[in-house]
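Read the single chain below, which is given as structure tokens and is the form predicted on its own.
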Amino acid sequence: MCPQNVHIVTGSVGSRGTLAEFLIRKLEHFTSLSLEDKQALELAARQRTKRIRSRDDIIHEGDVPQSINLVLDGWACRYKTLEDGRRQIIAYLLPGDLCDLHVSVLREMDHSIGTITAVTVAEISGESMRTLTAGHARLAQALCWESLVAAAIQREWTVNIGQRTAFERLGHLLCELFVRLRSLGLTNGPTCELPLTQAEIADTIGLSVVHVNRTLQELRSAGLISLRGRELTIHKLEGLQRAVQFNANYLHLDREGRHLDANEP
């Protein structure tokens, strides 16, 4: 039996189009992929997909991971919860993100992955991923970069909580999410989706909800951002980046991985 919050689709998913589109866009920031690489990713993504409603879990801490989840659409997050219910969000997972490339080697999950919006994921078995990387050298290279960038984002978040002011923490998070979405083609000029509640932002940057609300007002008053419902507009991206000391180098979106292509056949 499938949980009521999950809809399973196996095999072809008909009119959904190219399921691996956002993953391919992201990986091509690191290296160029051949048509065969892209087709192999698409085939893996189409084997089994799962739709999960908003504010629910994809996988719980303590569960035995059976597959690698690829976010096809929607927003998800990685989080830890203390025994008294306090929660720390430790990553946001956007379309094209893999929920831990090597998670299938773990005996049990040491964190949970939950949805922010309704999310569709592709379940890729560890065996399928190993076959993919063994047969496609550039794809293996790009996925290695993807893992390194995920670790770089985690380091930046540690600095965010440990050293930045509330204004810098929140502004830095907004810059990162905007730049990541823009790299996927998911922004509209200076505007992007932001489906996060103030409580979720508080759980991300280590502030109270009251403090988050006050800091949002500071960003608005400075003329840097506006929020309307689920939409964020950054009016002065370069100004916001300077104000919060945001440097996007840790996202490695400048196609640095392409220098390795010279050594490939």
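Numbers for residues come from their place in the sequence shown, where the first is 1. Everything quoted here is computed from the prediction, not taken from an experiment.
Below: the form predicted together with a further copy of the same chain, not depicted.
**Student:** Looking at a further copy of the same chain in the predicted bound form, is some heavy atom of each of Gly185, Ala222 and Leu224 within 4.5 Å of it?
**Tutor:** Heavy-atom distance to a further copy of the same chain in the predicted bound form: none of the three under 4.5 Å.
**Student:** Can you work out which of Glu61, Glu231, Glu218, Glu238 has a heavy atom no more than 4.5 Å from a further copy of the same chain in the predicted bound form?
**Tutor:** Flagged contact: Glu61.
**Student:** Which residue among Leu194, Val179, Leu94, Ile90 has a heavy atom within 4.5 angstroms of a further copy of the same chain in the predicted bound form?
**Tutor:** The residue in contact is Ile90.
**Student:** Of the listed stretches (69-77, 141-149, 120-128, 185-193), which one has a non-hydrogen atom within 4.5 Å of a further copy of the same chain in the predicted bound form?
**Tutor:** Checking each option against the 4.5 Å cut-off leaves 141-149.
**Student:** Going by a heavy atom distance of 4.5 Å, is His252 a contact of a further copy of the same chain in the predicted bound form?
**Tutor:** Taking the distances in the predicted bound form, the answer for His252 is yes, it comes within 4.5 Å of a further copy of the same chain.
**Student:** Spell out, yes or no, whether the shortest heavy atom distance between Ala134 and a further copy of the same chain in the predicted bound form is within 4.5 Å.
**Tutor:** No.
**Student:** Would you check, heavy atoms only and a 4.5 Å threshold, whether Thr18 touches a further copy of the same chain in the predicted bound form?
**Tutor:** Result no; Thr18 lies far from a further copy of the same chain in the predicted bound form.
**Student:** Does a further copy of the same chain get within 4.5 angstroms of any non-hydrogen atom of Asp37 in the predicted bound form?
**Tutor:** No, Asp37 sits far enough from a further copy of the same chain in the predicted bound form that none of its heavy atoms falls within 4.5 Å.
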